[in-house]
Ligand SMILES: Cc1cc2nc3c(=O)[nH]c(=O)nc-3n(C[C@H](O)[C@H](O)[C@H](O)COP(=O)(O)OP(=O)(O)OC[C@H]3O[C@@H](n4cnc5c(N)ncnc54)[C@H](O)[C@@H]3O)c2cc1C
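Take a look at this single chain, the form predicted on its own, given in structure tokens.
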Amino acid sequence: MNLERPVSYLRSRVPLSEEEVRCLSSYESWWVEEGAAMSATVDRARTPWLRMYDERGERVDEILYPSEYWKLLDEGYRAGHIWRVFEENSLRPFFLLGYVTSFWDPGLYCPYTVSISTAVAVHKYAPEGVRERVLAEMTRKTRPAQGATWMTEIRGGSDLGAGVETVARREGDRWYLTGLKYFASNAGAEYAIVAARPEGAPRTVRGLALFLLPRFRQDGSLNYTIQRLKDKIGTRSVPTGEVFLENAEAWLLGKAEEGIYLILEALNISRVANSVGSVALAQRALAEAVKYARIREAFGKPIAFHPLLAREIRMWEEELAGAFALAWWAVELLDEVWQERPRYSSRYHLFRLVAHLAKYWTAEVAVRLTRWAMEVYGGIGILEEMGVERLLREALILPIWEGTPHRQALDALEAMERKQAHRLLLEALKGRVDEGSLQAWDRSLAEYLSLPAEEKEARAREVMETLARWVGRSLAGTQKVSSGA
């Protein structure tokens, strides 16, 4: 297994078809030969510029990227991040290609992620006529229309019921949205799915609906404006801005009363993508640390062969394998259920729990491993020119995107209490984990769920981390393991 190549690692952990190997290897070669250098250039350029007005004083809100940005983005779209999903009727190509992308640039995976979340919502819930036209634009192989998922506002994203103040007003069969989306990733996208509250709806999550918002109105004018682009510590490969909606034209997706379910469907796709990206970044950090440790000598030999560091390398290899196994199980489950609609099957509720565990734990592994990689480099690890500090910058957003660790732990608890998802989890692990461990976890979770409500909430993060790590390590022992050659 070659830690320095994502395709090698994928081949060592999951079965891949010949066509998948061909596609992924070609994409990986492009990154090695061209993409990695372009990605470093985009990162050094930091936040792109926002050109708000043209020479006639008319609002255009054009985002001015380095030329390398479009080359990076276009290559991934050509490889098939979006179009392969609908050609193959499977989300698997999106996650496989995303792993390769995230190994070099996890921030770049974000535009693809919000685009696939948008495309899936359109595929499942858009009105007839809109669905066909928008999907045709989003599945082009060259310069497709991009998507975005705009849920979060200035009051935060965890409590969507109270935090979303964008209002949706209906006139006949048309909807008009007014509000400010404070954390709008992939600002400038041609289409966005947007959480808003229809007039008169309750100020709870049950009052939210999901809408499809085009960049341009029917008359060709801007349908939304970008107030500013935000400077961020990392993820410079995706523009994040404040987007203002003023009677913006939109289409309702699905039924208004089921909006929160549609919103969570989109978020769950992103959470699994976050898990895949986290593991890919963790692999990159481990690869860089091991490579450096083999050439850095101290006290007469390379530091990789000093007992303490050698032990830590083995420990992180095991942690990486467990995190990958957990993330990939979330991928497999999502690929089974992604076309379900409310009301969901028990398999979907199992997916939900695994997705929360995976999103929580893989992001934690990414942060801890990238920080350790900087330690291996020592003092030079903090220098931008060495590149390893970027890995930590990229990792820091991963626990926060699409729900903080607290949110994942509490949502996992909710799935256990309301849907008995922990029983579904243990049942699904039969035959892959020894019976004694399953029985021990059954007793432990029953005791935990019998605690008073406040104590359960206070201990949620501790319990979910332990459970996630155990599931990942258990699965890693049953996954395909080969040389990856």
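In this text, residue numbers run from 1 along the sequence as written. Note that the coordinates shown come from a computational prediction; the quantities given were computed from them, not determined experimentally.
The discussion below concerns the form predicted in complex with the named molecule, not included here.
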Pick from T152, Q146, T139, S270: which has a non-hydrogen atom within 4.5 Å of the named molecule in the predicted bound form?
T152
Sort through A287, L410, L229, L350 and report the residue having a heavy atom within 4.5 Å of the named molecule in the predicted bound form.
L410
Which one of these stretches, 169-177, 205-213, 156-164, 317-325, sits within 4.5 Å of the named molecule in the predicted bound form when only heavy atoms are counted?
156-164
So in the predicted bound form, is the named molecule close enough to E265 to count as touching (4.5 Å, heavy atoms)?
no
Heavy atom of W83 within 4.5 Å of the named molecule in the predicted bound form
no
Residue-level contact is defined here as any heavy atom of the residue lying within 4.5 Å of the named molecule in the predicted bound form; does Q283 satisfy this criterion?
no
Can you check whether W104 is within 4.5 Å of the named molecule in the predicted bound form, heavy atom basis?
no
Is any part of 287-316 within 4.5 angstroms of the named molecule in the predicted bound form by a non-hydrogen atom, and which residues would that be?
none
